[in-house]
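First, one chain by itself: the form predicted alone, in structure tokens.
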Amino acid sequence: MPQVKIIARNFMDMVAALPAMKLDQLYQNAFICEAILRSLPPLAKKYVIQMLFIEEAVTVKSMEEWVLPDGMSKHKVAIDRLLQLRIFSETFDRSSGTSYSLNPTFQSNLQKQITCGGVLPREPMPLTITNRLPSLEDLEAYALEQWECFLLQLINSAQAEKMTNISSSMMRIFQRGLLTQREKEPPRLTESGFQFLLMDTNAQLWYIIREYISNSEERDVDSADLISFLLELSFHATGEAYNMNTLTEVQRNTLKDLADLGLVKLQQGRKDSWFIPTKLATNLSVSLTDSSSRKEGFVVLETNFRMYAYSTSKLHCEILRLFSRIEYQLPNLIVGAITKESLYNAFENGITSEQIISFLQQNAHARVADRIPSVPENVTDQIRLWESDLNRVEMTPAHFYDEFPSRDVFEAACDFAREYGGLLWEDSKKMRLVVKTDVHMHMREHLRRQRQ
């Protein structure tokens, strides 16, 4: 069974992957410098603050003295991160060895931001223009509703329902990795799409944002400019209204896409229009692990594989249906069971046992969440066993070779296949071997040279 792994990197992984020239361009914005400082590991933050007003390079030996002996592993992680983001530059001198210095542009802008305080990217609009704004509770409910609608439309696309509220930009993201569509057939979820639905909300958000930035060049939008604008959003106050007229055309189009995800709420007045950031937008510069908080669970799983989900959400019902048999649904309760057939169906769609178990643990009801384990052990063991039933035989495309002219040629062929990591089986008595298809062309070339 093919294994698919969706990786949801956070913003700083994406920033680190930018070319050096675009990174230097980002650091010309003081807000970006502060956002990146916020996202760094604690030890890396400490190094930046300590070196912020030091103009000369600091040697590796001097920096190692700042760390206790048992903190060297964290020290290496911090240095690697700072080098990846080009916050640190590395120099070598024969007398003093390797030294690190801060990126001058990053250093200068962060100094100004910390000592003088920066002007906000844009000022909130006065209440006299915007009238009554939604409360923080209403805004959080709106963000959750938008996100659930977004995911429901993804699930319902497999049932040929039209995605009327999703922009073409978001549709391209779906079609790239989460949906597939053949001619004259409705769209259907890919293996990655099924796995995406079981991911935690923050991981789902990062996956969508990552793909949105990755295909920005197709929309004639510079990826560095897009990252810069998204990081700027994290400095806006949740629940405040900001004038759309202060934005460029590209930024206005980006906000329309983000409104589909529930990151912002768009409103129109008599003369002006404005956007209101939600918590999802203001947390964008925070790392994935830091922004993940324990959400209220809703699933209770019994040792007899019976499942009770205390939820009114249609989305929860559809997600549970991916790996369980739903028996009936009441206004605030979904009752079902995990069966061998329902799990086999999930495995065939590319969902793994570990993803199912992780989902059940993350969404365990408050009454069982504090138990160890929160999901009965006999259930988790059985889920893994049913998955292993499907993995007893592994299919590998291969080629069979026999009738070698001599033992020397046979042994040389075995050694060659072994070097390439393509040897699957050999029979030295009858001089036969099987190699992976990947090395077949190399093997043919090798045998041709042996004949000459």
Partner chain sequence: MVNATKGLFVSCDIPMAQFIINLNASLPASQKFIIHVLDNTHLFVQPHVADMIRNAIAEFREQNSYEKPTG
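None of these values were measured; they are calculated from a predicted model. Residue numbers count along the first chain shown, from 1.
Beyond what is shown, the protein has a form predicted together with its partner chain; the following relates to that form.
Contact between Leu68 and its partner chain in the predicted complex is not found at the 4.5 Å heavy atom cutoff.
Within this chain, Glu123 is remote from the site of its partner chain in the predicted complex, having no heavy atom within 4.5 Å. Within this chain, Asp93 is remote from the site of its partner chain in the predicted complex, having no heavy atom within 4.5 Å. By the criterion of a heavy atom within 4.5 Å, Ala398 is counted among the residues contacting its partner chain in the predicted complex. Proximity to its partner chain in the predicted complex holds for none of Phe298, Phe323 and Arg367, with the criterion being a heavy atom within 4.5 Å. Listed residues Glu55, Glu64, Asp389, Asp415 were compared with its partner chain in the predicted complex; Asp389 is the one with a heavy atom within 4.5 Å.
Between the options Tyr344, Phe229, Phe305, Phe235, the residue in contact with its partner chain in the predicted complex by a heavy atom within 4.5 angstroms is Tyr344. Contact with its partner chain, judged by heavy atoms within 4.5 Å in the predicted complex, is confined among 22 to 30, 36 to 44, 55 to 63, 399 to 407 to 399 to 407.
Taking its partner chain as it sits in the predicted complex, the stretch 414 to 436 comes within 4.5 angstroms of it through a non-hydrogen atom at Leu424, Trp425, Arg432, Val434.
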